[in-house]
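As structure tokens, the next two blocks hold two forms of the same chain, structure 1 and structure 2.
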Structure 1
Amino acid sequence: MNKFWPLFFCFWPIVAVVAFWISPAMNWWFPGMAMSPLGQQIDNLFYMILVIVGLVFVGTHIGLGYVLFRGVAHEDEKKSWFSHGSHKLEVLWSVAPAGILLFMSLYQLDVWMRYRVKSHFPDEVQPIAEVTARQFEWRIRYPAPGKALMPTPQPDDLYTVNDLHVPFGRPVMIRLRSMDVQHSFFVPELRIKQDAVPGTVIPIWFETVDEGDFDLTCAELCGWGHYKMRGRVFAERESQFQHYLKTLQAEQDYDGVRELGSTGAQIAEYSRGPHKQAGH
């Protein structure tokens, strides 16, 4: 029974190493592969922190297990040893963690600046939509096809709810704002998370590496309907994106009298997949 605690503290680092080893194969890891170049860099930061924390965790438990095993092996020795401590050791275990934290802080600055600092945004990035969070939906405003997004709504702007369409393969920007309380724009597959703050327009840029559709959720408790504040981000070819805007424009301009060919009345069906057939 005296060996229980030494074995107990040696058992958990083994479990941790095995769990981290098999997690990717068991889908216990990130919510899928990062679908943006910036998201891949963010994943690398997580891996770097994981390695540092993992080594410290395993190392301290090995040391703890060794001390406990020594105590069990020499339990007949009743003599104790008293020490006022070691000034050198205290300096070491204060400076070492501070140095590691400083290294991590400096190492992530490049990614942070690319994501958050406007002067480091890609030169060619332009806002393609304005996303307004409100209880409990995402309202999206696009400019008319061929026009630039203006800071204030224009008569020919296009509107939709919960479905954000973007072209893939190039950097794009959205303007994020909140109509009421604080929300949080979160797309796990793209590794994007940005709070929507009332009274503030926040630019978010990202680039998807391939076409697909991704979950858009609110990551800030914003009221009783927070759980149902969900949307989708559709990354598609440039031609499909332009076709979507024209389809949306056709629906908004439809007066119920004219014959409508490719009607925006099928936007819901469009978002579920038929638009993808046009690109193949």
Structure 2
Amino acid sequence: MNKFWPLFFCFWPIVAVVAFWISPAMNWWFPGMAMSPLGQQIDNLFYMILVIVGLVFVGTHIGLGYVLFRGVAHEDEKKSWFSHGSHKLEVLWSVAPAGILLFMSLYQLDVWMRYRVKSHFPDEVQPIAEVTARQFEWRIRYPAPGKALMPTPQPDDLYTVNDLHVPFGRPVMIRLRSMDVQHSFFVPELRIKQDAVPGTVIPIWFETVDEGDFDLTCAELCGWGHYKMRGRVFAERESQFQHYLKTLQAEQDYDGVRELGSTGAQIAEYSRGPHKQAGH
């Protein structure tokens, strides 16, 4: 008779499924393909879970809708079905999900180990930069071109803020630190996230598959300016990366008397900038 409510409870899961279905086309989805091999594996795991979860969601809602419709149909009967349950069904619906859940968790372990367990890191991976988060920026320290990154700052180290350059096509490692409170190093396109914990240095590694620049955001509440810790990760060819380090070195060594080369001109431009502004 009154089928409105059963229909209502069947209608909304349909809307939900449709919403998920159209989301990639509407650009309500991942910010592009994963740009790292591990990120692609994470995406695959996401889609695997999506299939399982989607089936369970649809299945349970079909079940729910069915019993609700039946509930309307039973309206004229004098009494409901007198049943306290079924042992067989209980066993079935405990064992089956247990198997699926166990499978899912064991299936994930490999990616996690490669992402985070040191002994499973790629062999050749070396730290190329130290990223120190602070309210509200990312400070970056590179070793001088041709040198290795030392745990403690060296006199010839190179410093920048917010722009992290890395070579693509090989695994690279970052030493992540924080100078004040917790932050979190989140690069959505690479699918990496790691909290920066004061007092601890945490190694993270990733490999970008192609050139590009990716947004770097902070994913751990770190104060009022949390939202504006915008940084960028530039993945570039090895030679470009080396060139970038040299440019940085030139900028850093610039003492204001040398003849204006191309980079020197930029620096001069840059240092005049604020004064101009102040004049306004």
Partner chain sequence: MSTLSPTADVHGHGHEGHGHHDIGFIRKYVFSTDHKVIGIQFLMTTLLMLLVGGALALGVRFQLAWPWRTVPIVGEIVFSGEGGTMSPEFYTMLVTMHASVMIFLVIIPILAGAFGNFLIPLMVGADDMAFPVLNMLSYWFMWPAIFFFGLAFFWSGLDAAPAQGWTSYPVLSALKEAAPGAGIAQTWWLMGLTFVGVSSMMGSVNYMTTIINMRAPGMTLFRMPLTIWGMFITAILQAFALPVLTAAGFMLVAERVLGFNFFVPGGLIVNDSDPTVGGGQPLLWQHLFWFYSHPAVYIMLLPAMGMVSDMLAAQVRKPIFGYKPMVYSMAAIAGLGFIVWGHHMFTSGMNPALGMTFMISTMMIALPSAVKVFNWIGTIWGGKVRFNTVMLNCVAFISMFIVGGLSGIWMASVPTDIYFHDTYFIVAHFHYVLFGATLFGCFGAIQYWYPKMFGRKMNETAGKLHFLLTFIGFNGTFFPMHMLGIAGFPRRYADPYIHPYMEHLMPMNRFMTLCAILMGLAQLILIGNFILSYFTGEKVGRNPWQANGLEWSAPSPPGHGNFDIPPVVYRGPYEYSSPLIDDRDYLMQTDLPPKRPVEKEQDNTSSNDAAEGQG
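Nothing here was measured: the structure is a model prediction, and the numbers come from that model. The first residue in the sequence of structure 1 is number 1, and each one after it adds one. Think of the rigid core as the biggest set of C-alphas that the two forms share within 1.5 Å after superposition.
- Between the two renderings of this chain, the form predicted alone is found in structure 1; structure 2 comes from elsewhere.
- Once the core of the two forms is superposed, the Cα of W12 has moved 3.2 Å between structures 1 and 2.
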